[in-house]
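Single chain ahead, by itself, as structure tokens, in the form predicted alone.
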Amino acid sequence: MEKNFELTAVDLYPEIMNIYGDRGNIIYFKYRCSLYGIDIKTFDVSIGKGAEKECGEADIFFMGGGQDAEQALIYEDFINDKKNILTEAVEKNKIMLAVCGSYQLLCDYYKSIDGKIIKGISLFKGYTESKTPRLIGNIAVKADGFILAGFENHGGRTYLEKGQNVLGRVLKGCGNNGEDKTEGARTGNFFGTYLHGSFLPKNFAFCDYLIDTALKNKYGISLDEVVKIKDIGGIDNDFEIRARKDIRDLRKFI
């Protein structure tokens, strides 16, 4: 049976949408793949055309957060060049992790503090309004099979339509809007979240879930099966577990 497995990851606008170290998500994903002997190609894709091949081959997309100024820098390119790429990707069950500002751009629209409407690409059904005060602090979220930990700092309040799947329910913190206890959104294998931190290093089990999903999409094989094929011993997650436990105000949740 095939023993060589390779995944392709694309980081969108990494030099612009990288607030609170969101670049760490693709770095950790690559590291986690290496533990399982999975080869990975990574591509940085920013403003401008010419990356259709890399995006077409991508198994997973990453996009971080940015403030209004950073979102304005990428907006025209995102709508005109990346919208169709991502719409096709979600239809093909590809994966995306969109954090904070990029999560908002995947919704229907964003309403700025001065009332300006910025249209999104509607892969998540809902909208965001900028309000005060900002929602700031450590956050714990119960998702399907996971307790997720992170740090949120956002002025936007996201309100999802009825029927739109959420990433999870807030155990501590504010989440989408500080009102309805929802956090993030999910459409197919596209995930939106307000969790920074970086997100994946704080949530290694969820990172493994993304790897497992990518392997099933591409090869029809699970991560557990890859571990058996490659005869990989136990993965030492002690550092990640201790790092999660060190978030003092989340200890009783995670």
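Note that the coordinates shown come from a computational prediction; the quantities given were computed from them, not determined experimentally. Note that residue numbering begins at 1 and tracks the sequence as displayed.
Note that the form predicted together with glutamine isn't included here; everything after this is about it.
Peer 1: Which of these stretches, 142-150, 75-83, 178-186, 94-102, has heavy atoms within 4.5 Å of glutamine in the predicted complex?
Peer 2: Looking at the partner contacts, the answer comes out as 94-102.
Peer 1: Though only this chain appears here, would Gly192 touch glutamine in the predicted complex if you measure heavy atom gaps against 4.5 Å?
Peer 2: Outside the cut-off, so no.
Peer 1: Can you work out whether Pro201 and glutamine are in contact in the predicted complex, taking contact to mean some heavy atom pair no more than 4.5 Å apart?
Peer 2: Pro201 lies outside the contact set for glutamine.
Peer 1: Heavy atom to heavy atom, is Gly173 within 4.5 Å of glutamine in the predicted complex?
Peer 2: No, Gly173 sits far enough from glutamine in the predicted complex that none of its heavy atoms falls within 4.5 Å.
Peer 1: My question is simply whether Gly197 lines the interface with glutamine in the predicted complex - judged by any non-hydrogen atom within 4.5 Å.
Peer 2: Outside the cut-off, so no.
Peer 1: May I ask you to choose, among Lys125, Arg169, Arg134, Lys119, the residue with a heavy atom within 4.5 Å of glutamine in the predicted complex?
Peer 2: Partner contact (heavy atom, 4.5 Å) among the options: Arg134.
Peer 1: Identify, from the list Ser46, Gln67, Ser222, Asn217, the residue with a heavy atom within 4.5 Å of glutamine in the predicted complex.
Peer 2: Checking each option against glutamine in the predicted complex, the one that comes within 4.5 Å is Gln67.
Peer 1: Which residues within 39-61 place at least one heavy atom within 4.5 Å of glutamine in the predicted complex?
Peer 2: Stretch hits: zero.
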